[in-house]
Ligand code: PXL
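Presented below, as structure tokens, is a lone chain in the form predicted on its own.
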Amino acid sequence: MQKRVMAVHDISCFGKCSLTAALPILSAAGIEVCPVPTAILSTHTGGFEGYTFEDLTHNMLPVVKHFKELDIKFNSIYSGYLGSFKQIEYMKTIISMFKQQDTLVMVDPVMGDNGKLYAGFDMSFAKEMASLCKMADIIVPNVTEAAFMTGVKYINPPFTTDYFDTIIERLKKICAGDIVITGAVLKKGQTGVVICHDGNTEYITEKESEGMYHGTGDVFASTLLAGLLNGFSLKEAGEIAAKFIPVCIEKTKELGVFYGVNFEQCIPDLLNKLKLT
């Protein structure tokens, strides 16, 4: 039976992130995606000025209530950018409405990067996001988001395994499920992912690509979920996602694109990694 995901993210019409990344990646992996948009932006907020923003908080619950009336079931509920306390509250309601015993809830607590929270967010928002993570089976923060949710002081990379041990122990008090931390740089010239599953912590490292590329977190999380829903273990799915990002970046460098990664032309490589071809 085809797997189905409810994806609660914003739509940046230009910029290759959020739903415009999650939809094609998960769909290519054979998974049906039912989007619940939290906002519509003309572009993402990284490097663009004058972008439009339409808040869709008011539309979130009516959409999912209709899903409920139709008795639609989901194999996974996947949340990304939530722009307000109200949206976090609604996300908790959505999980309570649709989570069944075999429903995988994945929360990507999008709210900051490089040691700073995004504009409009503060520590009280990080605390509220942590409360949402309590309802998740798997959380996918970057190092900045993990640090702010746990109250650990952010330090500049490279990080140490002791630093991640401290963060993970505190995250375990927030999320009883699996933990995947992205941007886990342990050595200059490398990037990586920390995976904590059943109390065991493992590291996946890849060569770091030069430059700043928007949307890699969304591509990683969507690829991770695609792997999990296609039967791969958390470590296997993490390795697939971690290896897919550099492939996308290399393809992006060929085009000289700055606003996002060229994951679209790398989909065949992903399908090969997922053993779907």
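Residues carry their position along the shown sequence, with the first being 1. Since the model is a prediction, treat every value here as computed from it, not as a measurement.
From this point on, the text means the form predicted in complex with the ligand, which you will not see here.
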### Query
Is the ligand close enough to V105, C175 and D178 in the predicted bound form that each of the three has a heavy atom within 4.5 Å of it?
no
### Query
If you check V33, I240, M60, L41 against the ligand in the predicted bound form, which one has a heavy atom within 4.5 Å?
L41
### Message
By the heavy atom within 4.5 Å rule, which residue out of Y154, Y90, Y118, F98 makes contact with the ligand in the predicted bound form?
### Response
Y118
### Query
Going by a heavy atom distance of 4.5 Å, is T45 a contact of the ligand in the predicted bound form?
yes
### Task
With heavy atoms only and a cut-off of 4.5 Å, decide whether I25 touches the ligand in the predicted bound form.
no
### Query
Does V110 make contact with the ligand in the predicted bound form, using a 4.5 Å heavy atom cut-off?
yes
### Message
Under a 4.5 Å heavy atom criterion, is V261 part of the interface with the ligand in the predicted bound form?
### Response
no
### Query
Thinking of the ligand in the predicted bound form, which stretch from 222-230, 240-248, 45-53, 66-74 has heavy atoms inside 4.5 Å of it?
45-53
### Query
Taking the ligand in the predicted bound form, which residues of 1-34 have any heavy atom within 4.5 Å of it?
D10, S12, C17, S18
